[in-house]
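First comes one chain, alone, set out as structure tokens in the form predicted on its own.
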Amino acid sequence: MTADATEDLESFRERARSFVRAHLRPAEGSSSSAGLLRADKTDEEELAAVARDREVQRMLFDAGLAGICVPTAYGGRGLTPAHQHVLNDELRDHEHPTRLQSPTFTPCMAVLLEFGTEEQKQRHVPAILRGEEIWMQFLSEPGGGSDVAGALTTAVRDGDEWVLNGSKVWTTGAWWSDWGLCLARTNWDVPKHRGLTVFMLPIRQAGIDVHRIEMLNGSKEFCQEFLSDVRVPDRDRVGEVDQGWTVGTRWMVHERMAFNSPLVTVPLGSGHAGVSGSSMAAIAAAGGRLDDPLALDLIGEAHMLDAVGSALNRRIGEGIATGTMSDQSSAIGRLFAGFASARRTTIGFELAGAAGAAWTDDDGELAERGNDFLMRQVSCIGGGTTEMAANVVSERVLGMPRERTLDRDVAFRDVPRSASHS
């Protein structure tokens, strides 16, 4: 199957529908198996799911349905966000390569398309579209919180190579991924935003130790990476030396867009982190509460959050694409998505009743809602905190005064740090 850059939406829909119905399986499981980073798979099952995601991505690529908005020069289809929307619509209730979408397609591939050299794009973008490379962002650091620009991971030049040392953390799925996009400090004698550089590096190599972090619900998807004298060729530097914040600013835009990016293939109607409004009726039914007015109000609220989020994201996407809204407006969608996801998770917990506090494996839709509730703030932290998104909205969208900082014009080596970071 092939796609033409001028393919009309109706023809594209027919082609996508034919492929999806002929080749993709129905979406697995029920809402009970789609919680927030649930520990519902063994390592072997998780690796098998990753392999299936790669397989489905390759199927989409061979069918001319991968990289819908990616230029044809790099293996994409060169079509429009409207075409991607059509594909997402046709994928409803079907499997899709979920683990490859974020952060592989966005922000990582988006950053490569925007800042990578021609050689870098030719080498990696087609491989990403074929499902051969899964990328992670090596961004957050221990003790760094949301201050991404305060990176302490260092990169020191040694001829045609750079030597990286430091640690990154909260990298979901690093243990089964291939490449990392890494922000590192290359200059300590300038203010923190001016001494950063971005590199890409294979994760499975000598000098990179990936440690999995066990969460309160037993999930071990979050990882911490320790980099010890990792050598990266200069050809794998993304952007100019010490200009990493120029890359980083756009990196954050793409990260906040997440599943709303036109680069991402996600079935329409699928809730972020598996807490869509459509799952709430199933929870209420399992608890025998479909005739409870309070339960019906909660179900309605969950559906309202889905509807508003969908309309908001569509408006923001169209606004950014047409230039009528700043690209920083992606923070609006990020802010809403974080709070809406936390609220939907809370609604699921409330609907579960007593089973939200204690459940058995036989409780079906009611099981694990208590763990989901305890994990609900993940949606307000991962992908950039909602506090940072609020700052972006106030300062870069609404034009309000910038938050006061004391280190803006201070060489980074002179910025006070705790003893453990000195």
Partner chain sequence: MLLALSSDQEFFRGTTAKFLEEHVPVGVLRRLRDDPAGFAPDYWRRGADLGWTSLLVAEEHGGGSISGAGLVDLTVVAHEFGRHAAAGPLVPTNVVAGALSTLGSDVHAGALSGLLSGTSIATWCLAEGPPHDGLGEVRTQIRVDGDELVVDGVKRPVESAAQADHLLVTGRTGDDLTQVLVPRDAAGISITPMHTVDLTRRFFVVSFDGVRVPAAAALGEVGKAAEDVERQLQQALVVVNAESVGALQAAFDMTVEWAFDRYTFGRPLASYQALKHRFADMKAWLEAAHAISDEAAAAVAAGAPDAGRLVSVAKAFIGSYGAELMQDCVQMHGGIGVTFEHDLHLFLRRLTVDRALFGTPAEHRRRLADLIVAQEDVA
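Residue numbers count along the first chain shown, from 1. All of these numbers come straight from a predicted model, not from anything done at the bench.
There is another form of this protein, the form predicted together with its partner chain, and it is not shown here; the text below is about that form.
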* **Which of 321 to 329, 188 to 196, 147 to 155, 204 to 212 lines the interface with its partner chain in the predicted bound form (heavy atom within 4.5 Å)** => 321 to 329
* To do: Report whether all of 52, 54 and 75 sit within 4.5 Å of its partner chain in the predicted bound form, measuring from non-hydrogen atoms.
  => no
* To do: Report yes if any heavy atom of residue 113 sits within 4.5 Å of a heavy atom of its partner chain in the predicted bound form; otherwise report no.
  => no
* To do: Consider residue 408 of the chain shown here, and say whether it contacts its partner chain in the predicted bound form, taking contact as heavy atoms within 4.5 Å.
  => no
* Asked: Looking at the partner-bound form in the predicted bound form, is residue 296 within 4.5 Å of its partner chain by any heavy atom?
  -> yes
* To do: Would you check, heavy atoms only and a 4.5 Å threshold, whether residue 279 touches its partner chain in the predicted bound form?
  => yes
* Asked: Between the options 312, 127, 268, 163, which residue brings a heavy atom to within 4.5 Å of its partner chain in the predicted bound form?
  -> 312
* Asked: Along 382 to 417, which positions have a non-hydrogen atom within 4.5 Å of its partner chain in the predicted bound form?
  -> 387, 390, 391, 393, 394, 395, 397, 398, 399, 400, 401, 402, 403
